[in-house]
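Let's start with one chain on its own, the form predicted on its own, as structure tokens.
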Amino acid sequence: MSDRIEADYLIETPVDPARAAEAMAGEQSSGTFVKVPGETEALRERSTARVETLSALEDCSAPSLPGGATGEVYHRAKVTLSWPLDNIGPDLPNLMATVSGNLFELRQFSGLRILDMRLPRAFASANPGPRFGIAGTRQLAGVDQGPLIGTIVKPSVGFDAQQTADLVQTLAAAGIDFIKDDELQADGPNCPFDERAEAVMRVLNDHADKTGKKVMYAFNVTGEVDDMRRRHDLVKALGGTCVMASLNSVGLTGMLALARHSELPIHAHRNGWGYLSRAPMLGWDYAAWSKFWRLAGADHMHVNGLQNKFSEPDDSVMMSAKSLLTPMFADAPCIPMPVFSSGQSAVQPPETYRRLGSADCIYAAGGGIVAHPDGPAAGVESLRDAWDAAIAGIDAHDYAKSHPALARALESYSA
């Protein structure tokens, strides 16, 4: 493995792409717009970013983004830059500054997107990585095979602590494996975190005492670092098995602080992802962006879902999920559990399993469970049936002939 940091980019520029790539390399390492005192050949050799590859793509007649240089033709290309590890060391916040930094603002570019990264092994040693990942999550949830069938507390906000616990009791009785707070529910006056955690864990501990199965509940600890640590400690003391953080809200340093403290799986929510990714010629591909959070300690990461309620196409969803299951290093795979959600029901599992090639995931459905015409228990059963059929290679409609909960779900949720 190389001892250099590498990042791949999609660029669009009205100037010669080779010149634009050199400007990228200079801006993000030892160069600037003019030569400065002390910028010796030895220093450049030691510290300058290199343009490793440049592959021309198509041209277009109009810029994707406003501002900056203009021209009659805008050239697109794929570029790989590399940096010596000694520039920053295995430091995630400064890695973010290095591979992105001011690049999005350079006037040479009418489009720039970060596609992927390859990092020296030192990053795995220096950062927490997933402490539980797939195997640890399965052990805590008591699910040895197949997906964890999960759901989200809905309505997102509005319930108080006891109403939340009442819903959790219904879901636990229905046979659910995993429940999460909505990302909008953290520590509001109407549903304080401590009250909610205590009420929910009374229900889940009682359910575990009766059944031997402890439902995993991801409590949203998002907040300032000290608050997240305290909330984590309360969840652990109450017997909880998971905490959740909104990545774009707490940032890399907040996530690192939580992960270094945590003794529970961290459910990493990507809310806000659209503003980083939705413009095709701006922002991040998930494969690159998610590597920061994988290294920072995410045990579960959201990837949206097929036929979702958002704008993301199915191909993008599956590329994201597959990227999470791709090892980062041979001896430190750094693999979190993908979380499918957003408009999921018993309809999507066959295609999800076919395209992912794995059942190592959390499959979270809200309306797909609680809106099942025969109730939440039938909703959970329908999802298990759909996944069982998919894994066995049986057509869902054929399987539904002997599985009424699945039959009702397919009838209700198929467009």
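Just so we're clear, the structure is a prediction, and the values are computed from it rather than from any experiment. When you see a residue number, it is the position in the sequence shown, counting from 1.
Not on display, but discussed next: the form predicted together with a further copy of the same chain.
Participant: Tell me, out of 145, 326, 190, 125, which residue has a non-hydrogen atom within 4.5 angstroms of a further copy of the same chain in the model of the complex.
Facilitator: The option sitting close enough to the partner is 190.
Participant: Just to be sure I understand the contacts: of 154, 236, 78, 121, which is the one whose heavy atoms reach within 4.5 angstroms of a further copy of the same chain in the model of the complex?
Facilitator: Contact check passes for 154.
Participant: Report whether all of 169, 290 and 380 sit within 4.5 Å of a further copy of the same chain in the model of the complex, measuring from non-hydrogen atoms.
Facilitator: Result no, not one residue of the spot touches a further copy of the same chain.
Participant: Answer with yes or no whether residue 91 is in contact with a further copy of the same chain in the model of the complex, where contact means some heavy atom within 4.5 Å.
Facilitator: Residue-level check for residue 91: yes, a contact with a further copy of the same chain.
Participant: At 4.5 Å between heavy atoms, is residue 270 in contact with a further copy of the same chain in the model of the complex?
Facilitator: Residue 270 belongs to the contact set for a further copy of the same chain.
Participant: Quick one: is residue 373 in contact with a further copy of the same chain in the model of the complex, heavy atoms, 4.5 Å cut-off?
Facilitator: Residue 373: no, not in contact with a further copy of the same chain in the model of the complex.
Participant: Does any heavy atom of residue 159 come within 4.5 Å of a heavy atom of a further copy of the same chain in the model of the complex?
Facilitator: Yes, residue 159 sits close enough to a further copy of the same chain in the model of the complex that at least one of its heavy atoms falls within 4.5 Å.
Participant: Please name which of the stretches 131 to 139, 205 to 213, 255 to 263, 330 to 338 has residues with heavy atoms lying within 4.5 Å of a further copy of the same chain in the model of the complex.
Facilitator: Among the candidates, contact is made by 255 to 263.
Participant: For the stretch 208 to 222, return the residues whose heavy atoms include at least one within 4.5 Å of a further copy of the same chain in the model of the complex, in the order they occur.
Facilitator: The stretch touches the partner through 220, 222.
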